[in-house]
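Only one chain comes next, encoded as structure tokens, the form predicted alone.
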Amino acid sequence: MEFITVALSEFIGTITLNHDRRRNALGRGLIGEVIKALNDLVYQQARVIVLRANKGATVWSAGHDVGELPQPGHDPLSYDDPLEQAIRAIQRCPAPVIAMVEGSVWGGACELAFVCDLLIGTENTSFAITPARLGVPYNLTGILHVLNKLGMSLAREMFCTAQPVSGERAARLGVLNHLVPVAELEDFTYRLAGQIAANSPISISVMKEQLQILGNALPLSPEAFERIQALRRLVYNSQDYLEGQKAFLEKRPPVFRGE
């Protein structure tokens, strides 16, 4: 593995994001390795999987690799986008996935963390949902994942402001299952993982899938779906979409004109 490391001990699997040079940006290479690792660990009978960054990381993941976003006229978060594939892989994984979040989480990495079954963070954990900084239209399933985790009020705030929410606030609002001191993060997470691994894996896998089905059980008419898709096309065909990518790569503030 080039971008991650993988380990398995006593039915507890660990996937460590290990591309510090790019702040664990979610590019095709890293995501492909994460998906393969999930499948391999399930095949090796892991009963719970911890998804983490290297110890001491200041950034858990910088989010979607902006350099891989398509040009205008193409959906930047289509069904086949690597990030969407990784999110589905976590959701479909029969073993619970624990996001052990040390450091900040940005953009699409927030959704990746939010679809994990449990989130454990520290006082230096933060979450920022940043498509508005890049002029990117978030996709329907992604917004649903965020809504399910945050609720409408916080989701509106995070999508509109693109500002970080602290670990303390995330814990208070139920986004994090547990907020622990940095020095205790590993011990606490793996103790919790051990408790899960001691339970019936078939019972847990069935309940996980039931919760997944119920969490997505929201009716949506074909007309509403088409309206949402039209709204998203308006954004990824815009000059703001181009400006967001260009500004990010040039390391300058974007100048959005609403065009």
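The model shown is predicted, which means the values in this text are computed figures rather than measured ones. When you see a residue number, it is the position in the sequence shown, counting from 1.
Here the subject shifts to the form predicted together with a small molecule, a form of this protein not shown in this document.
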Problem set entry | All of 47, 97 and 201 with a heavy atom within 4.5 Å of the small molecule in the model of the complex | no
Exercise. Even though the small molecule is not shown here, does residue 25 get within 4.5 Å of it in the model of the complex, heavy atoms only?
Worked result: yes
Exercise. In the model of the complex, does residue 11 have a heavy atom within 4.5 Å of the small molecule?
Worked result: no
For this session: Classify residue 130 as contacting or not contacting the small molecule in the model of the complex by the rule of any non-hydrogen atom within 4.5 angstroms, answering yes or no.
Result: yes
Exercise. Hey, in the model of the complex, is residue 65 touching the small molecule, heavy atoms inside 4.5 Å?
Worked result: yes
Exercise. Which pick from 192, 59, 51, 38 sits with a heavy atom within 4.5 Å of the small molecule in the model of the complex?
Worked result: 59
Problem set entry | Listed residue (86, 134, 180, 150) with a non-hydrogen atom within 4.5 angstroms of the small molecule in the model of the complex | 134
For this session: Would you mind picking out the stretch of 86-94, 181-189, 100-108, 116-124 that comes within 4.5 angstroms of the small molecule in the model of the complex, counting non-hydrogen atoms?
Result: 100-108
